[in-house]
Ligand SMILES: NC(=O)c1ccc[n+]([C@@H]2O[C@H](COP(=O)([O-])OP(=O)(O)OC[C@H]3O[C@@H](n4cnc5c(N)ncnc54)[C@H](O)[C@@H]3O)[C@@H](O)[C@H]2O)c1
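To begin, one chain is listed below as structure tokens, in the form predicted on its own.
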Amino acid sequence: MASSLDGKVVLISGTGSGIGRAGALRFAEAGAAVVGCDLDAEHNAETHRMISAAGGTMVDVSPVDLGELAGCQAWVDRAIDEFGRVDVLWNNASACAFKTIDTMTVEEWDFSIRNELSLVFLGTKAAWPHLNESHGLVINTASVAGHGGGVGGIAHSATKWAVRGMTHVMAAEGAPGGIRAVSISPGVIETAGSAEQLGMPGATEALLRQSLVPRLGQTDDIAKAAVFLASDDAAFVTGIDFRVDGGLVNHG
């Protein structure tokens, strides 16, 4: 990495596992202080231990419900109390119901909107004044589902298209204060959350046939992209969606 993140304070949601954990490890390795959060306190504590063992800095805020403004504010306030600033906000955490239109209940739809879309708005709202002071960066985790859609993804595609749109607006509204905003659209990443999908007969083979890079994505692929976007090397990058999908959208 050409430029260090020493002294930067990075808020990452969903650090208990998956992409969030990989991101916390990578940002800490790059010299940033990580303020992580998760609903799962036990797994988030394990991430904290991993970073501490590697000589990094992490503050663990969990359990916290980012679907409520009070939860987001508590997360941001902890960063300010500990470090006095916020340089990067990575809205990564999400949860969604995967159902077809005819089988999805209104409650499952509302759950998906709350936990994939509203928490992006609420987290950004809570951190915005501090990002304005630091001329900081917002990273939103979108998805290749926000570039298309398939059976059972009505809520997920809707929220991730919206996250991409919100990111454009954040970049425009943040520009006067020097705030950059980007989204990252992962392809199919090997995580505990994708294990059921990938375990279906023929699923992995079908995905690999559609991909230009002949392997499944890893959480570290997304983490490294986020660290690059937060670095000075990406200082001229804002208002974009950064696809990290092995060419899935391009080819599939």
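Quick note: we count residues from 1 along the sequence shown, nothing fancier. On a predicted model such as this, the values are computed, not experimentally measured, just so you know.
There is another form of this protein, the form predicted together with the ligand, and it is not shown here; the text below is about that form.
The ligand is absent from this chain, but in the predicted bound form, do G16, N92 and T141 each have a non-hydrogen atom within 4.5 Å of it? Yes, the whole candidate spot contacts the ligand.
Can you pick the one in V86, I154, L119, M170 that has a heavy atom within 4.5 Å of the ligand in the predicted bound form? Looking at V86, I154, L119, M170 one by one, just L119 meets the 4.5 Å heavy-atom criterion.
Contacting member of M58, V188, A225, A30, with respect to the ligand in the predicted bound form [4.5 Å, heavy atom]: Exactly one residue meets the criterion: V188.
Among 124-132, 102-110, 171-179, 155-163, which stretch has residues whose heavy atoms lie within 4.5 Å of the ligand in the predicted bound form? In the other structure, the partner sits against 155-163.
My question is simply whether I51 lines the interface with the ligand in the predicted bound form - judged by any non-hydrogen atom within 4.5 Å. Judged by the heavy-atom cut-off of 4.5 Å, I51 is well away from the ligand in the predicted bound form.
Check V35 for me: does it contact the ligand in the predicted bound form (non-hydrogen atoms, 4.5 angstroms)? V35: no contact with the ligand in the predicted bound form.
At 4.5 Å between heavy atoms, is L39 in contact with the ligand in the predicted bound form? So L39 counts as contacting the ligand.
Going by a heavy atom distance of 4.5 Å, is D65 a contact of the ligand in the predicted bound form? Heavy-atom contact with the ligand at 4.5 Å: present for D65.
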